[in-house]
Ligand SMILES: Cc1cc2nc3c(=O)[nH]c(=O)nc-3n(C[C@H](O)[C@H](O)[C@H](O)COP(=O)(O)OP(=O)(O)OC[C@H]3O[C@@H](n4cnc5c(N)ncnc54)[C@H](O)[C@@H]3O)c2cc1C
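For reference, the chain that follows is the form predicted on its own, supplied as structure tokens.
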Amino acid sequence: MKTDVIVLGAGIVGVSAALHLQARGRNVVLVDKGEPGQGTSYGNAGLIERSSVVPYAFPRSLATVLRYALNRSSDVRYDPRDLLHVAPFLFRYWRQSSPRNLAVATKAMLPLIEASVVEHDALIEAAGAGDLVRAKGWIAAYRTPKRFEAAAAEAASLSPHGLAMTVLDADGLAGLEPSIATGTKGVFGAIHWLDPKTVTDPGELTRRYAGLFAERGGTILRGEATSLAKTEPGWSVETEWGRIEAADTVVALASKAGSIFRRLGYAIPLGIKRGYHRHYRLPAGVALHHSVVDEEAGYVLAPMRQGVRLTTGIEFAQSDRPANARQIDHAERWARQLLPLGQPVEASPWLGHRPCLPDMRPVIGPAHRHKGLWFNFGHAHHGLTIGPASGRLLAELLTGAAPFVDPAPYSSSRFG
């Protein structure tokens, strides 16, 4: 079978790229060994995060680093056995998080963040997925006056970006979320970010987008991405229908992208931030209307179709390590101080892998050593947020259209 483009990976990034390529007249085959919307696209906190204009940087405060070194927090944890393995990535991440480099990363990511809601809105309407999306924003909650006051000042400094927000004291938060504990044992104050949207089932949203792709004539096949091979006219991959050949192939494999680019000689420093989630039923009379981020304990409570989803921060460990419930157990203890969670829905927590690069921006565009090979991975915490925007940029570059943003900051050649 021959086609114009093969897209490897049916997460939110790959499906979005396939849709944008299809909209520009390309015949596309979407290949994944599983169903669309599995993996990280299923397990995230469900935020279309328009307000996150500054990337998640490595902390520069010695006090914060020392706190993380104790390995007792729910926002960052590490497996001591893997410190030597992750140390080179962490060092590069720390260097790229200097004030100067963070400003560069912020400028680079801003166009994708600004386009996030608009690009999603178009696909949500076309895919009939409005029932999965809420336009209520999300709430950043702070337990101490010091952190709250600093956050309010930082939020005010972002006013040039035109972000809508409301600063809430404890009473104001109680008006929005009566079930959230406030006061000395709960939340002192909060910031309600109004521009972002939230998704009640991110995996289902990705499946709806994939369904739209299929309805428009696209083909979705099971296949093994590692079978990708260079051919005389382009590239081929083995699927359930046999070999598929195309002039162009897009690698949108999230944490698995390294299985392709390393074999082809690219030294891209892709790191993995593991993360956990679990759903909980709420007791009668208890409700959660917004996604709430406990900024000081480092977890998210998000109302989902399956229940309230509790998601952790980052775990640095090798990808094949067994799941370790310590981090999510710690987050659950903190979360129960704010919201009376009921029993968990699943027997055990879900574990996922976020693909990250030390300079806090993805690789999007042509592979600089191979004709017809394209990259779209490394979206870190913002795969759901910027998946459709990065898919648009990728499709514009592949089809020769004028890109809506300068693609240079995302080039694979920046790593040599």
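Worth saying up front: this structure is predicted, and the values here are computed from it rather than measured. Numbering starts at 1 and runs along the sequence shown.
Beyond the structure shown, there is the form predicted together with this ligand, which is absent from this document and is the topic of what follows.
Checking 218, 189, 196, 275 against this ligand in the predicted complex, a heavy atom within 4.5 Å turns up for just one residue: 275. Shown without its partner, this chain lists 224, 154, 131, 346 as candidates; in the predicted complex, only 224 has a non-hydrogen atom within 4.5 angstroms of this ligand. Within this chain, residue 32 lines the site of this ligand in the predicted complex, having a heavy atom no more than 4.5 Å away. Residue contact check for residue 360: none of its heavy atoms lie within 4.5 Å of this ligand in the predicted complex. Taking the partner from elsewhere, residue 365 is found to have every heavy atom lying beyond 4.5 Å of this ligand in the predicted complex.
Remark: residue 249 does not count among the residues lining this ligand in the predicted complex, judged by a heavy atom distance of 4.5 Å or less. Contact with this ligand in the predicted complex holds for none of 5, 24 and 391, as no heavy atom of theirs lies within 4.5 Å. Of the candidate stretches 141-149, 73-81, 336-344, 309-317, only 309-317 has residues whose heavy atoms lie within 4.5 Å of this ligand in the predicted complex. Contacts between 2-18 and this ligand, taken as any heavy atom within 4.5 Å in the predicted complex, involve 9, 10, 11, 12, 13, 14.
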